[in-house]
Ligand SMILES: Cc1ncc(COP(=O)(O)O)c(C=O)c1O
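Read the single chain below, which is given as structure tokens and is the form predicted alone.
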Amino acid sequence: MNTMSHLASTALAEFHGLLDFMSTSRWSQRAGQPGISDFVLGNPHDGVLPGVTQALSRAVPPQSPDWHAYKIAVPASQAVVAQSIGDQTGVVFEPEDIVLTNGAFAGLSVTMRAAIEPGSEVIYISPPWFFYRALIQAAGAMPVRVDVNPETLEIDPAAIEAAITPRTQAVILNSPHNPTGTIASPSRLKDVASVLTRASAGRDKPIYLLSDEAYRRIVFDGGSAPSPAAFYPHTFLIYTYGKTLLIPGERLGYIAMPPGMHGREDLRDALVMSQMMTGWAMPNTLLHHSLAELESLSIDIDQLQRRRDLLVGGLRNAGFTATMPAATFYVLCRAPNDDDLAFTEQLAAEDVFVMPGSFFEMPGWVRFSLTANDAMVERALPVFRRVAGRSADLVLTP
């Protein structure tokens, strides 16, 4: 078996449990049915934002003969994105350094294939988004795991530094972080930038930072999420509109390179070529044309925050240890006896469905998605109390 076949087989083996859950679990049989509380994925349960439908509808009628032709880049959309992320991050981006993609999933894949050499190492932060390891392996590189601080659940710059070797070519950083809901502070991002700057000294090219900012606008309590691009110039800023608009099935996102990026002019071509070789990883033309309107829209963050408070309060009142996320869609809850799979089954028996932490390198915990609607949360609250009452060795919240 060649190296790439081996890497693909390894990635598939790692997904066996997740794929089995998605296809054969009790949740897979009940998803979409009335009367359940579905906290598994970041899917919409309250319907799409009216503005999204209106923007897409307005973009359908052709305004030129090539309106629905192949689109690698639409300059007007690139300009909109450059202005928006400049306003949000304080970094001035050039429109030609914006590469529109069909979501952050594709953005990560395209970036790794364009910037990472086979046989190199890529550091990722654990607990991770499900697909980091597989994407690294698909690019022919080796994933290197670095855990968050177990007490604070925050990224650990010293641990990142300790994991860097001469083969390290990139670090994937996800802030706000799925699944912990933590936000990397400016001081912590400066520390990471210092680590990567020191480690890059004397190399032909710097260690790249792949900044997965899918949840940059899903922030609670009036906070904000700074971008590593403001502190480290060799950052690929990767974003998706699927979270902000809660339309994960409409694949729209981008890769943005700051003006100080090493080799950015060559990387522009490399990224587009990688998009083509990945199977035309550009958004469809309808999304290109509607981006200017979509950029200004967002789901109701205040409603999500109220849902967070209700869910966390219900879990803690029942006696569970639950996190209070500063951002993202997700709440983590400690499973009784640290058995996340058994806890998932206990809840599923009462039509409350969650994601086991074993699927994202966090055994002993389960993940709740706040995209469940309010009625689902209300139905789940008495279930938490009943399950807690049956758990003799329940880990109580301090």
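Remember, it's a predicted structure, so these values are computed and weren't measured experimentally. A residue's number is simply how far along the shown sequence it sits, counting from 1.
The following text describes the form predicted in complex with this ligand, which does not appear among the structures shown.
Note on the interface: of 307-315, 208-216, 155-163, 91-99, the segment with non-hydrogen atoms within 4.5 angstroms of this ligand in the predicted bound form is 208-216. Contact check for R251: a heavy atom falls within 4.5 Å of this ligand in the predicted bound form.
The closest heavy atom approach of G242 to this ligand in the predicted bound form falls within 4.5 Å. Within this chain, N178 lines the site of this ligand in the predicted bound form, having a heavy atom no more than 4.5 Å away. Of the heavy atoms in L287, none are within 4.5 Å of this ligand in the predicted bound form.
Of the candidates M112, I125, A184, A104, A104 is the one whose heavy atoms come within 4.5 Å of this ligand in the predicted bound form; the others do not. With the partner omitted here, the residue from Q137, S77, S227, N174 that has a non-hydrogen atom within 4.5 angstroms of this ligand in the predicted bound form is N174.
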